[in-house]
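Two forms, one protein chain; structure tokens for each follow separately as structure 1 and structure 2.
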Structure 1
């Protein structure tokens, strides 16, 4: 189902809750000294939960930074949020608006690799930081000196999951089902390449389009390959539907997927069909690390839900941006970019951040499994009985 494309529609929500115009923003910046940050995310549409998580985490980070005295001798942050609707064309519209507003010093987002890569030339041409919490396509950050990816790339996650499948789950013949977009294609490629290099066999690869809900035909086709594993590249809503329909077909196979599955809603929607599903993540909500505990407890206190890893890396993005501005000693766009590029071992809730020369964060991952209806560390519990 194609997403609705609305050219020129812009939904901007300022941190105080109101809309802004460029001229108003310039007058405010001149009088109150606030540091103006933009966030682009899918606030509406199929991926709205992720965009809302971005928004919540970024605001929570800003509230904490401002309460601690801000940066640069007491300057506070304010946030404007633009809704991409999960649509690359809307992402480019927002990029044009954000870069044209000279009060905005940097942007966090977008969410998806496709949207981030579509809007990248605009940020590059206008010289504004594009710090994406979740764009993991291996070609994203390297496409512009102004682009940075904080979550790590599929060039790192894919091989990690391949080793998980081959060395820990004992899989040898794997079928792959992926979302047909930049993220999905990239993820499937890096997993498959690494799995075959380990000695495994990719017996079949197939895809589905965003918005599809009936996976019966493709799952029936994949089940006939006699694969001992199924690798899925999807978000939790699709992942739940895929597993429910797989269960109804009677296909008993070990399922492993990308970190995008790590969300409590996968279990809520998928029920016992997702028991034993494995994934990997850069953020684990039950981590005893004090930084993680503070973030998770504050998020739960504010919003009544456990943050997903997507929300966590958005929190890290805002904290990292504030740190870079402090290190730069300036809100000049180029100075912020240079300070970000020099980031080494920044302490974050979703794993410390050091940027490569291309602007990618190098991440470490944890193996997870759904065990008795909960996400648990695989290394602690192993697989549930089947």
Structure 2
């Protein structure tokens, strides 16, 4: 037995040595004046759809910047992508790998709040920017001076949606159905609070876990309340399923949801059941703004699909980082952080970015409605006739 242990441990040493060599190799290859950015995202696993969206947007942003002449007088960007698999522990290992690589100046990502939170202590200790396009955990941006979130906290979106519901849609009694994760809990909380402050009533709140496909039971339950509106906090695929099943149960109710619904797949999946569903978003693909046009058109021509909200924020993150590096005038990690913190009204495709002292973005939202099978601005078209 002893001999087996010795052999086994030898293999350990050999493997560790191999990994070390690999790490060293990567470092040596990166001394050519390029600015090295890391992207941490779930490329495989349950969240890979979003991770791949991150990957596409970030690459596209870099290509655009490089094509436009780069930053700091012609220096180009280079991207290293790491896969978190949606597993927080993998995310922290990546964080350590990126921060240990001195050629990397900042990280974009990760996608999930749990991974962002888990890797936060590393960025804090090592002193490198972690700019997450999507992490909206209430403690995230405030947890470290090196952590920034640009998606906008739910403290902004929730009240906006509450006013949308109360003032524009005239809802008074709303049932809430939310995804049970940090984003869902916060969204539901801020929405409910604001809605009640406006004078409305939350008649029932229920939640579900990621991966759920069958909402008939919970919708049956909610439909037996006297709600005149349903507020859903979910991703587009769940949103579509909820509406399809709601329609099949014959529950005719005004639906309003978070910006995470904004994805053309919602309409493809949901068909006519999502007609009239409202949402507020910071990104609108048909926005005539030239920056949005350039982004959307190039994304479509490259990948054949319309970018979703999640892809757009990743693009913004990369663009914002480039802007901050230009403003910092250096690739020093601390200088980039300071420049980033001073961002005021950065013009982004998914809503302009101004950071709060904590590092959260304050965003402006647009009201959207699904009208005749497409996303339209609510203020232009109003609700579709039923």
Partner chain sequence: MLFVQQLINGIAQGSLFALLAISFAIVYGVMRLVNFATGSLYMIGAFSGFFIVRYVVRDVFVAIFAGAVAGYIVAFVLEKLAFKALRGVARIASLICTIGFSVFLNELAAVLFGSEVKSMPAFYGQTAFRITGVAVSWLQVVMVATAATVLIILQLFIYKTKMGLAIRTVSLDYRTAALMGINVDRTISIAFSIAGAMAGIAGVLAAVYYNAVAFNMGNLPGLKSFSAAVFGGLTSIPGAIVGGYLLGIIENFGVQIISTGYRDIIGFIVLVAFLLFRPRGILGRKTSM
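Just so you know, these numbers come straight off a predicted model, no measurement behind them. Numbering follows the first chain given and starts at 1. Rigid core here is just the name for the largest C-alpha set that superposes within 1.5 Å across the two forms.
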Open item on the list: Two copies of the same chain, shown separately. Which of them is the form predicted alone?
Closed with: 1
Task: residue 86 C-alpha relocation of at least 2 Å between structure 1 and structure 2, rigid core basis - done: yes
Open item on the list: If the two forms are fitted on the core, does residue 137 show a Cα displacement reaching 2 angstroms between structure 1 and structure 2?
Closed with: yes
TODO: For residue 358, decide whether the Cα shift between structure 1 and structure 2 is 2 Å or greater, given a superposition on the rigid core.
DONE: no
Task: Rigid core superposed, the C-alpha shift at residue 46 between structure 1 and structure 2 in Å - done: 3.1
